[in-house]
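Just the one chain here, the form predicted on its own, laid out as structure tokens.
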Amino acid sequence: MSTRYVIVGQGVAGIAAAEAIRAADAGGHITLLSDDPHGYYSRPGLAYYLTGEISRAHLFPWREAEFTHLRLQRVQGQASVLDPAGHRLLLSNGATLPYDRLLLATGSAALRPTLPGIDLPQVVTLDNLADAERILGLARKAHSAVVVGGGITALEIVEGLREHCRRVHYLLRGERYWGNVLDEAEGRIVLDRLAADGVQVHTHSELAAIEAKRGRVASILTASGKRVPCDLVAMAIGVAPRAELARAAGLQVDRGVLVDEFLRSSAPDIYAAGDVAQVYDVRAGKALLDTLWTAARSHGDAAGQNMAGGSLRYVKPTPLNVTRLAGITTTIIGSVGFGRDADLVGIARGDSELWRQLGQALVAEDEHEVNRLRLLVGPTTLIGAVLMGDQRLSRPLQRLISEQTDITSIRAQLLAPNAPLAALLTRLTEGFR
């Protein structure tokens, strides 16, 4: 009999796993279960859909032919019970999916605080395409919106709402934006750009309540007593792995599903990949979470190969994200920050916990208007980098950091006052193609 594979989740981790399985097992039966009615689409693309830079159609990277080629059985439904002993998955509609190998690629879900008014229909989060469409529908009728939280998703929502609302307010509990990843200067660049674009930034402002009038959002109230009239409130305080299914099944779960170097969970024949997987990292010496598209894809690929009989040890690569912060292209590589962010109660989307596992490092930096480069310099290698604006050094820095290139020949020069960082790095990487 052919091997029965069940993949729970149709994001990039699930799709990558299906591709890897089919490449290794031409005759296996692959079932792809998803509770998202829209199927497979680009989660990172939702930011550009909100701003109108891309159409809805451009969110979908695959046509039907790609699914046909992989010979997948796609099932729309909600998993309700995972039975590891019986090797079966029960769905909420009463159906049962037996499996020989199963992958949990259930992703993560936005967190909501417990406070008055949080359940009003005009209070939104951004997890999926349905959320994005709901935000757009509400924003087109709203005069004023409030965004609460930190990280990349908060800015995605701010920039999307700015295209549709007359007034956008952004609340931060502290003085800085994303203070556990960006430094003070980088956070200032982001907030200054938002203010220049007409966003009203409120620092030292903690949301205490969302007030209603006739059953609809009318204003927010801060802990200091300040009231901000609004029609829409967006929450972006972090995400949590969707690990309820695994936890109820008795799998080892910390914050996410704990997996070994082969992406295997504590239960036989069950694997995990993507946002839901908490993967051991040899550099940090502990299991960490990633909410990066690239990490989810590499998780899924490795898990799929191993589900189909492979023995690929997954080694977490240097975390990388190229994103846009207040319109500024920003690359974040390696370990660059520490501590926690007052505006986040969980990891943010587009984030990696390894970014904050900063060991012994000195800082070299260069700033000119919105172009900024910050290097975290270790004893013999670069540990991390943040590059804002001009991206010509992005790829060379990715290689220098991921390949742990020896920089001792230029280390003293990098750390000298007013060092020409770009010229020094360019000279070091001239041999790169």
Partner chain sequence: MTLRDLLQRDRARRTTLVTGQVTPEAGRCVQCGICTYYCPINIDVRRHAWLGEPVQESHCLTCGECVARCPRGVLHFERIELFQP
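Residue numbers count along the first chain shown, from 1. This one's a predicted model, so the numbers in the text were calculated from it and none came from an experiment.
What comes next is about the form predicted together with its partner chain, which is not displayed.
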Is S92 close to its partner chain in the predicted bound form, meaning a heavy atom pair under 4.5 Å apart or at it?
no
In the predicted bound form, E19 touching its partner chain (heavy atom, 4.5 Å):
yes
Report yes if any heavy atom of V363 sits within 4.5 Å of a heavy atom of its partner chain in the predicted bound form; otherwise report no.
no
Can P61 be called a contact residue for its partner chain in the predicted bound form at 4.5 Å between heavy atoms?
yes
Option touching its partner chain, based on a heavy atom within 4.5 Å in the predicted bound form, out of E53, E403, D36, D406:
E53
Looking in the predicted bound form, is its partner chain within 4.5 Å of a heavy atom from each of E66, R297 and R395?
yes
Heavy atoms within 4.5 Å of its partner chain in the predicted bound form: which stretch in 317-325, 234-242, 269-277, 130-138 meets that?
317-325
Residue by residue through 24-46, tell me which have a non-hydrogen atom within 4.5 angstroms of its partner chain in the predicted bound form.
Y40, S42, P44, G45
